[in-house]
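In the form predicted alone, a lone chain appears below as structure tokens.
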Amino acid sequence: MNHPQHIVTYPRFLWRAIGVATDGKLPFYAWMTFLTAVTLVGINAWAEQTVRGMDVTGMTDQVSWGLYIANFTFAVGLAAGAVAMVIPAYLYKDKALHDVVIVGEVLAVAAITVALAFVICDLGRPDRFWHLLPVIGRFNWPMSMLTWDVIALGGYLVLNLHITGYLLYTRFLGREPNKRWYVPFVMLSIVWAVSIHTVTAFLYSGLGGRPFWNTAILAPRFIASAFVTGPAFIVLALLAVRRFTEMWVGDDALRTILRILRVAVLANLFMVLSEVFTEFYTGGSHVAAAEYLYFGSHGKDGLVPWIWTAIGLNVVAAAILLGANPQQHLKWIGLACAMTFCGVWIEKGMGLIVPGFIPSTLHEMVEYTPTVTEWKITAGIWAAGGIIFTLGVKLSSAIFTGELRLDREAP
């Protein structure tokens, strides 16, 4: 291994990385300005919520989880779905994905950050977050599934930060990455990715008083939907990388991800169909919440347009993905990825969390509608995640194309 003669330190690398990641052309500055503005709006709304309390949200005693936990669930799936690039790249030695797998790693970091931010906002007071930490907090650990979820998310974030940082740093130095320092962590991240969404599913299905979530298929359904949202977002990201950067993204990489996406979209639809059949055909305690979700109940139908829009988006997207040719229909594939991404966001968010509380344990029909403050905070958190992802992809592109490299620096 040829080591550079320069004495390189991490601070030097980080300083150069910050400079490259934040420098660009007019479209880049316009995009970052937009994301920054939305983030600031979200911070302002969060400050208002912190001062005035959760009364500014649409949540009540009957529906105590709303838009924040809905987005938390979706963000965890998005982070777990990023492993769809890691598996073929490292387990099956797919060379086409090996150079762009860093995009999936950056996505995992951004999505986990978003998920943890939604947890903090849902607490109402950010100073209470330490209660979620084992040993020093006051949660009933190890029995608390929420604490296990925070541990799983934190561990997955550390894993992906290490993998991403190590690969980018060694590329910057011009060295061949030492497999001992990243391959074991990559393999661990594959198992960990499945575990973070499994633990999230157990968080819901373990609540005996919420029959809508008491199903053994919830964890597999979460994993299937994660393999929809992750690859769908990655396809959109790779198309953007292909258009706006010098980083090479070949058709073979897109074809591999598209194969995963085609299977995952059908698997997700099949599990939704299985759940609907079980609820409506067999009846029982599940059917009240499902009836409210799909058809409305007792004059309450706030979620009916949401769920049918989600199903429509997923079905149309599946049809497009099954028939599209990556070499000829990239625009249609991009549209289908955006449609199924939005469809799963509704299905796993408002279509999963809110119906679990309606009707309540006392059979009250109290609907939930997010307030403007909740929408502002939600948009701000996703915009902050977009900033992290954009900067990460831009830095990765600069390093992998050789724009940012030690031997190209002026002495």
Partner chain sequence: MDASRRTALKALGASLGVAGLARALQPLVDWTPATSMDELLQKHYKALTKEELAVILRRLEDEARDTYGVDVTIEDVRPTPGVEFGYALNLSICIGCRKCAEACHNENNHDRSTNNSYIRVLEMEKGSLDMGKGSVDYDGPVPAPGKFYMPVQCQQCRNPPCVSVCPVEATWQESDGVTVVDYNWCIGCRYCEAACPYHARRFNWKKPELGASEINPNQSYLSNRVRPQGVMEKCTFCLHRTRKGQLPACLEACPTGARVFGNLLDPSSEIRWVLENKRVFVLKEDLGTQPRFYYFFDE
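Predicted, not measured: the structure shown is a model, and the values here were computed from it. Numbering follows the first chain given and starts at 1.
There is another form of this protein, the form predicted together with its partner chain, and it is not shown here; the text below is about that form.
A residue is said to contact a partner when one of its heavy atoms sits within 4.5 Å of a partner heavy atom; residue 372 fails this definition for its partner chain in the predicted bound form, lying far away. Using a 4.5 Å cutoff between non-hydrogen atoms, residue 378 does not count as a contact of its partner chain in the predicted bound form. Contact check for residue 402: no non-hydrogen atom falls within 4.5 Å of its partner chain in the predicted bound form. At a distance threshold of 4.5 angstroms between non-hydrogen atoms, residue 210 is in contact with its partner chain in the predicted bound form. When contacts are defined as a non-hydrogen atom within 4.5 Å, none of 173, 389 and 396 contacts its partner chain in the predicted bound form. Residues placing heavy atoms within 4.5 Å of its partner chain in the predicted bound form fall in a single listed stretch, namely 143-151, out of 143-151, 103-111, 83-91, 244-252. Of the residues 180, 298, 331, 95, just one reaches its partner chain in the predicted bound form with a heavy atom at 4.5 Å or closer; this is 298. Of all the residues from 26-61, those having a non-hydrogen atom no more than 4.5 Å from its partner chain in the predicted bound form are 29, 40, 43, 44, 46, 47, 48, 50, 51, 52, 53, 54, 55, 57, 59, 60, 61.
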